[in-house]
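Subsequent text provides structure tokens for two forms of one protein chain, presented individually as structure 1 and structure 2.
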Structure 1
């Protein structure tokens, strides 16, 4: 018998700063290979979908395969809206990163490179459905036509902020737009979504919940607790994992472990799961539509891994050059979601480079004008005057006696 030395393993990213980006270890199957499964798909039958990758747009920008046909006849309208949604989100990101660097707001998180996931998904939801998002899903609000004045108001915490400065700038809350209040504690929204879906099922409400989590936060206990509850009680909830390859400076391999995919991990709980090209707008829209139909027919929860890439820094407080190569997002083998949809629409005669340039300019101007109007109400550079008594408001439905006494002691 030979004594073997016990050793630890350390997952390593494809490349480090100063090295060339290397995504050669990622297997990218051809578009159109996977069919559309029946709505009553079970965990056992979902194995090829959890280990594969659902793609609609091929490398030449053509929509191919069964999932392309699943979207039906309204695809043209969907694509036009989707392209503008993604352009609007990218313009917001750029403007707000500049504003943060100017000291006008304290904190910001970009969605760059991931726009297709939220924008395409939200366009398949219906009024009353509830997203339980993370702090990188402003795309859901943009695609739900959330007023930009309110969004920017919260970024600046001025009098246009619907939350009156009670949240961090990126932790939105918009119940009327299907956007549950974001918690800064990662993973909590997964359990909340399952509980909300269970309550809806008990009340007979046919609305569905959609849970969102990043690849890094799947290492949290809330992720596993939610999967267990979903597996046991079978509520109408779509369990989304946005695998953008990075937590805050930590490569996705740390959270994946030895699992083949995050979809496979969810499948291990007995939940049918699919893995989707998250940079393919049409693939995201098709799978979101399928998942919602499954919920409406009462076939229980489904897990979806959106395979994408975080092009931007984790947040305005992060410097990705410390842990990954510069401009590695440009080497991502699944490309840029905006460019891919644009290429497809041009090939179908629905768009052109000239119209794209015009749309970019128009949307940037729209976003810029809204931003300027909102900034006139105050930023961190020139904050609006506030009443000290306001610190006691919007915390409790009924103010406790000890706070009432403190307010009176302050003379209010």
Structure 2
């Protein structure tokens, strides 16, 4: 009786453990093909950008096409800073993963391979702009020159932790650095960012909000709510999707379904959307600059899909060898963001392999020094960290009676 015609489909990644990495299904348009649209681009007009891929750096490390021209005067400083930020980020990831493995904290999440996205983006934002990041945008903090002492303090939950040990090591909050308090619940902050941007517009403070979400979390309800609210009220918000192809063990196909791209999905809401090579530092910087300018002119929200690859494990609790080929990341056809920027800078005569090795070592050393200093204040497990009675602080602005009684019961 069963009708074999009607069957469900189940999206699969191109390769599984034991197989070779396979990215043949991914179409990569040439760099430099797409032009820079006017700032008042509408959804309809954004079609080629939503279905295509904005790229600046070509396979040989040359910066090509109209977006290369869009970077402003001082691209040299931009690139030097960017390279430093990305190297610093990678050094932090490395140090933290090691410390986590040594049992000095509970948990960590790396952003290896995705450094260009946040590092290039953040430098195009303005003071007072507010990012609503996920746990994989530590890059936004690094590029905002967030003191490493605070980052490591939270990592170890010691007395340097700006959040008093309340949050997981990766769930930062740094209002003064334009970084909203991260939630462990996926998606929730996407729509909060839209609300913040509405407040930007209503208060006339000339600032903007930026929303961040992973490809997997685009499935969340708040992704939908955010796009809808942004489409209706047109606040100054940049709606970022970081498509790194994986949601823990789940392939991005389970989040896209038959949609062409995440940018296309956003475009369906009437929000002009672009898709960008997220491993191309210059492409990210150029598009972020364009988006920030668009906000300034009051042309409303924009969606950006940053196309990248999660090279590392999902988190310190995850082992990707159980669900994808070994060294998958190394085969990613859009390369490594640090390598690509380095190659370009060398080609431009601004950098060399030697200086790169030197810088890398120096940055790792700096980071390690900070880490050691901070670790001397104690780690999560040794010695015991923050004050237990602190649990009751900040539940409310003023502590109500029942919490006061509970604090007493605790012995404080």
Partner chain sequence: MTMIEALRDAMDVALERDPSVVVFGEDVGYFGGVFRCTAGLQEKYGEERVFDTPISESAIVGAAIGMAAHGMRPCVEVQFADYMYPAYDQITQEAARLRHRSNGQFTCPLVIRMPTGGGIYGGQTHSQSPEALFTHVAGLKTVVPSNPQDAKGLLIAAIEDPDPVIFLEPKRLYNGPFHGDHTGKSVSWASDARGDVREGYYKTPLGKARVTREGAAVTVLAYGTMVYVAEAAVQNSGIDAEVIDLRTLLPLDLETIVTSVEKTGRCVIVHEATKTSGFGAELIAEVQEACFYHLEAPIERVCGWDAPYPHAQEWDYFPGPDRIERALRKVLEV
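Each form is matched to the other, and the largest set of C-alpha atoms that superpose within 1.5 Å is called the rigid core. Keep in mind the model is a prediction, meaning the values are calculated, not measured. Residue numbers count along the first chain shown, from 1.
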| query | finding |
| --- | --- |
| Number of the structure representing the form predicted together with its partner chain | 2 |
| Is_shifted residue 16 between structures 1 and 2 (CA, 2 Å cut-off, rigid core) | no |
| Rigid-core frame, C-alpha of residue 398, shift of 2 angstroms or more between structures 1 and 2 | no |
| Once the two forms are fitted on their core, CA shift of residue 407 between structures 1 and 2 in Å | 2.4 |
